[in-house]
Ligand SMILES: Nc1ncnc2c1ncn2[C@@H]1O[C@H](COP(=O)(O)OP(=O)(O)O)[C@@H](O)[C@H]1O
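Next up: a single chain in structure tokens, the form predicted alone.
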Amino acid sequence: MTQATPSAAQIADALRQRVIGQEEAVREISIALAKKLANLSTGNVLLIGSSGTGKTTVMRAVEDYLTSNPVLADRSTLVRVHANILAEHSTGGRAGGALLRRILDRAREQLGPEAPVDRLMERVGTAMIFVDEIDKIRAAVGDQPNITGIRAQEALLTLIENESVPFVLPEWAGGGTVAVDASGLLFIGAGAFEGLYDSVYDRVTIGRDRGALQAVSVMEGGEVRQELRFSLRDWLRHEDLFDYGMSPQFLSRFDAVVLLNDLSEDELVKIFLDSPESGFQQAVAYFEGHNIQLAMSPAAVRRVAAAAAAQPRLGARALKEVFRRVIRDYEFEPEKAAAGGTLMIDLPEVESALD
């Protein structure tokens, strides 16, 4: 390993600057990336998490980490692709070729239009591919086979299995067909897998594993009651993902399957205050453009986070919806809302907006 190659711990420290509350995902991605940058073999990673838990944030954090370091940027090409795009190309058997073409175009953007084709193709064979909403290429929806999903999984499998993949070069690259060695590709798939939680819960309560989930005794208000406490992390099996529509051959190519946690209220507070994509930070910039300093009391921030936490299926995205209800009237006429160049939002203002 060369001196210029960062360790997994160093990469994780960098990713944590943007990714909040998803330590397992950060560690798995950091290990895979450290191995890849050291030109070592590494396994693919599958991220499963509800909307707003940070799957896209993880991807952006990795992208920013690589592009911010000229040495690393020169050794890696990263592309993000929506699984539905692969499904669209799968009808004509072109999904694999379309993905390789996207990597080639991205490498050309990085290295410049005069870069030698051989150099570009080296980048193609060692790229990182983020496949977003990978659950959308499930092999079945309900009782009906999803043909495009099946074909998209097969196309990705061809690349993931490290085969020599034929690739038709575009005219600007000389045309013709070349063989791409896909053994150096790293795939990170991510999806919400809507309905997976419910199906696993049903399996352990009323389905084939009925009775596996045992009630626990809980003391509340001086009374003891029985409560079922279910965590997908504890009960998810590969068979559940097979039933969902991910083929065994496809799923087996992901060495790590990581479940992202629902975000706690404290984590939502941190995202709200610190994330550059947060509605609060965007509002701060908006009011600065009007020479107004925007501030919120700790109680007001906590109330916004609590309202967002009450919508766990939306994760951090709920923060923007909640805060929008609080800030929209102030943004309409900023100068009228501020006194002496400062706008302070306290708990009563948040309560009034949310009521």
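Position 1 is the first residue in the sequence shown; the rest follow in order. Fair warning: this is a prediction, and the values are worked out from it, not measured in the lab.
Missing here is the form predicted together with the named molecule; even so, the following discussion is about that form.
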*Which of S51, S297, Q311, N69 has a heavy atom within 4.5 Å of the named molecule in the predicted bound form?*
S51
*asked:* Within 4.5 Å, heavy atoms only, which of H290, R317, R325, R302 is in contact with the named molecule in the predicted bound form?
replied: R317
*Can you check whether Q281 is within 4.5 Å of the named molecule in the predicted bound form, heavy atom basis?*
no
*Flag T205 as yes or no: does it have a non-hydrogen atom within 4.5 angstroms of any non-hydrogen atom of the named molecule in the predicted bound form?*
no
*4.5 angstroms heavy atom contact with the named molecule in the predicted bound form for T42*: no
*E122 near the named molecule in the predicted bound form, any heavy atom under 4.5 Å?*
no
*For the chain shown here without its partner, which stretch in 71-79, 215-223, 270-278, 168-176 has non-hydrogen atoms within 4.5 angstroms of the named molecule in the predicted bound form?*
270-278
